[in-house]
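Shown here is one chain on its own, the form predicted on its own, set out as structure tokens.
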Amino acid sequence: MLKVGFIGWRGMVGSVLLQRMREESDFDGLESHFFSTSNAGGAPPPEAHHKTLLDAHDIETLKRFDVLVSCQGGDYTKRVFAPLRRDGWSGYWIDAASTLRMEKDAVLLLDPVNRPVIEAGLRDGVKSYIGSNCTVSCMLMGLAGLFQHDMVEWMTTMTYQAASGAGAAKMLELVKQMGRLAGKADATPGASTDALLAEQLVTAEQRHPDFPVAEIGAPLAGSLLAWIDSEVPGGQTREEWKGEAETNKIMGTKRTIPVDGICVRIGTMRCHSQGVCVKLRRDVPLDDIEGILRASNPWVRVIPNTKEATLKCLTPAAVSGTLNVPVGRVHKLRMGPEYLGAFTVGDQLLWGAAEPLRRFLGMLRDRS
């Protein structure tokens, strides 16, 4: 029986991972143990094969496991991973953090679109398997068929990323911001019937010195932030840089496909969306493109390019908490028949975080 250690299982991604594993009965056939960075000796979840939580910084204990699954974050990976390998641990490391993504001896996980790459890694003895960037993962779940058929010359992506992509604290602060704005309007006579007055109240509240921005850094409720992550050379943010770097690594492309755009944080709680412009390598009829998208994996939903279908199906409100990945607004752009426009939505806590880790752990369990 595969002996698996879970670290960071109480955080947002870890909680979603455990929820999905319980829904799919994934703990069957595993000897599951749970670690803590701050509460060693405390009570573990019911799936644990031991009575207390183990110390997540104890290298000797960690070395006893066939597989370690970390949702603890990049700082933990930096502290623990290298000492584990130096001490001779040769088990499988499965990680939601970005720390090891671009390492040569690491494979990125998104098996509905890159299972051949993952299986090649297993055959070659690769032992580090890392969750991909959440926005890239959601995009590829919807558009992978175009890459699999070598149809993409280049692509731009304009993202609309939820607060949950930045962590639980940002989500909670967004809720506080929403409450402040709604409360101000509700408490002011006339604001419920005078739209201009309501706008003025909201704007003034967003600019108030004590508006809650300690986590996010700026008002997000009723606004947006056109900067995510740190700066990299050339005018990009690191989040934008990941679009090309991780897309090509996930797909194992033989040639580098340029991917670039602007990444924007918006005031939604969950689900990342993005508008894309794809320069196709050749003119392909729209019906054929939709068929290729639809056939790429069981979770893609090609949404008719109509107002009714778009408003019903192509929104974070419709997708949140589901594995469906709708692709809509699919049409040829006015620049020419080789230019394709589309819009995707995906739950980044599922396909962008927990689900690829869960599925790969299942692959290891089935091989053991």
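Heads up, when I say rigid core I mean the largest set of C-alphas that superpose within 1.5 Å between the two forms. For clarity, every value in this text was computed on a predicted model and none was experimentally measured. Sequential numbering from 1, following the sequence displayed.
The discussion below concerns the form predicted together with a small molecule, not included here.
Only one segment in the set 252-260, 195-203, 68-76, 111-119 has residues whose heavy atoms sit within 4.5 Å of the small molecule in the predicted complex; it is 68-76. Put simply, of 181, 134, 80, 155 only one has a heavy atom within 4.5 Å of the small molecule in the predicted complex, and it is 134.
Interface residue among 168, 218, 187, 175, judged by heavy atoms within 4.5 Å of the small molecule in the predicted complex: 168.
By the 4.5 Å heavy atom rule, the three marked residues 146, 332 and 335 all fail to count as contacting the small molecule in the predicted complex. The small molecule is not drawn, but in the predicted complex it has no heavy atom within 4.5 Å of residue 140. Although the partner is absent here, residue 322 sits far enough away that none of its heavy atoms falls within 4.5 Å of the small molecule in the predicted complex. For residue 17, no non-hydrogen atom is located within 4.5 Å of the small molecule in the predicted complex, even though that partner is not displayed. Interface membership of residue 345, defined by any non-hydrogen atom within 4.5 Å of the small molecule in the predicted complex, is ruled out. With the core superposed, residue 342 shows a C-alpha displacement below 2 Å between this form and the one not shown. Residue 300: CA moves less than 2 Å between this form and the one not shown after rigid-core fitting.
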